[in-house]
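Just the one chain here, the form predicted on its own, laid out as structure tokens.
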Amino acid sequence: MQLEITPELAEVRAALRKFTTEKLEPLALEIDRTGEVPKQVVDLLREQGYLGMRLPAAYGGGGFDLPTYCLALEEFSRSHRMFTLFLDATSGLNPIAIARFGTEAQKKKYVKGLANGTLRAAFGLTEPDAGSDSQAMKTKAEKKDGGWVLNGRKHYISGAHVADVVMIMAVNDAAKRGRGGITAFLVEKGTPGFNVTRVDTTIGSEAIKLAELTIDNCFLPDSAVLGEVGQGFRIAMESLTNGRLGVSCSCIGTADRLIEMSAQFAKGRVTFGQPLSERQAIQWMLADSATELAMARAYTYETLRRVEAGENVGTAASMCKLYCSEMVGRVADRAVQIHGGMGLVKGYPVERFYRDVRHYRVGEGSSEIQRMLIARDLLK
């Protein structure tokens, strides 16, 4: 297995670490204090070329490969999850889908804006009765002269309340569904019949919001179809490997920071005349966390290498996402325990990390879905 990144990526990591520590971390504290994201975050990310990292250079993107993008997610996640969400909103599933499957007109209209941060995108798949079972979606698309009429509801859509364009999945053929009966549509903010009807605050940072979208007789021209009619489900599924590896690297970065914070605190905190770091119970918590992190990093880096080499990785991305998301949950729990009362108080990063990482076991396919996919592959 490839246990270390390449020398080239090591240089990139050093720059990312410096930028995260010196520029982003002070803003993370501001986000925690106010529950809002300062405008300068977008400006900073744009100036440093971190927006639209994976979008084509011809449209203003960075043109970076998947490992470089995942490394940025890993380093940014050492500070605040909002920074990784900005990367995802400009280089995640929706932007990449437009760059890969969009018409020339769609690329010119959206990709440049996504790359420079003037546009933000969201991905509308989840519904009240269609979460993990996404093929059970009820949002319908009916063909009309010159376009389509959409009706339905999406919820728990990350960042949709501030998105300029949302990729909406809708059923155009109920008999076929995931086998050619679901189409992807690009719906712009302000389109008649397309409304944000609720904004939810999650268990994590106050700045992280999920939105409910109500779609009521929303007419879209044929030019709003992304890719071919009936191929929306395929477009979504093709990006799952990249998404799962991105989540895995975000979990790795967060776990790495939590271990560093815990080790530093344990050396400085004295109880009964001894530093916590001298106590076996604390040492074993740190040892278990470091071991699990090393295993997660090794397998994720190896899977990234294989993906870039064009290999069929099977369910390896699901294994990475499953293990990394559950690993960081255990690491965060130990970090809170090591920090004691400080780990429970808002305003300290360890408390916010503990809440934020809980999302990873649900988003991008829950742990149960990953286990189902892995077992299904084993039992073929």
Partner chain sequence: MKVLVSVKRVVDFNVKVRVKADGSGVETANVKMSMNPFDEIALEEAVRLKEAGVATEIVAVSCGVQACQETLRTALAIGADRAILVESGEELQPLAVAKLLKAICQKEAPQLVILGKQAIDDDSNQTGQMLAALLGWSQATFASKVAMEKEKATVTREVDGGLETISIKLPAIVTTDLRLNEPRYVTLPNIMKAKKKPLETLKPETLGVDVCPRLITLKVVEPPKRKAGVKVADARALVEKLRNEAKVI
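Numbering follows the first chain given and starts at 1. Only a predicted model underlies this, so the values are computations on that prediction, with no experimental measurement involved.
The next section is about a form of this same protein that is not shown, the form predicted in complex with the partner chain.
Residues of just one listed stretch (31-39, 328-336, 346-354, 62-70) have heavy atoms within 4.5 Å of the partner chain in the predicted bound form: 62-70. Put simply, Glu11 is close to the partner chain in the predicted bound form: some heavy atom of it is within 4.5 Å. A residue is said to contact a partner when one of its heavy atoms sits within 4.5 Å of a partner heavy atom; Lys18 meets this definition for the partner chain in the predicted bound form. Of the heavy atoms in Lys23, some are within 4.5 Å of the partner chain in the predicted bound form.
Using a 4.5 Å cutoff between non-hydrogen atoms, Asp43 does not count as a contact of the partner chain in the predicted bound form. Contact residues in stretch 45-60 (any heavy atom within 4.5 Å of the partner chain, taken in the predicted bound form) are Glu47, Gln48, Gly49, Tyr50, Met53.
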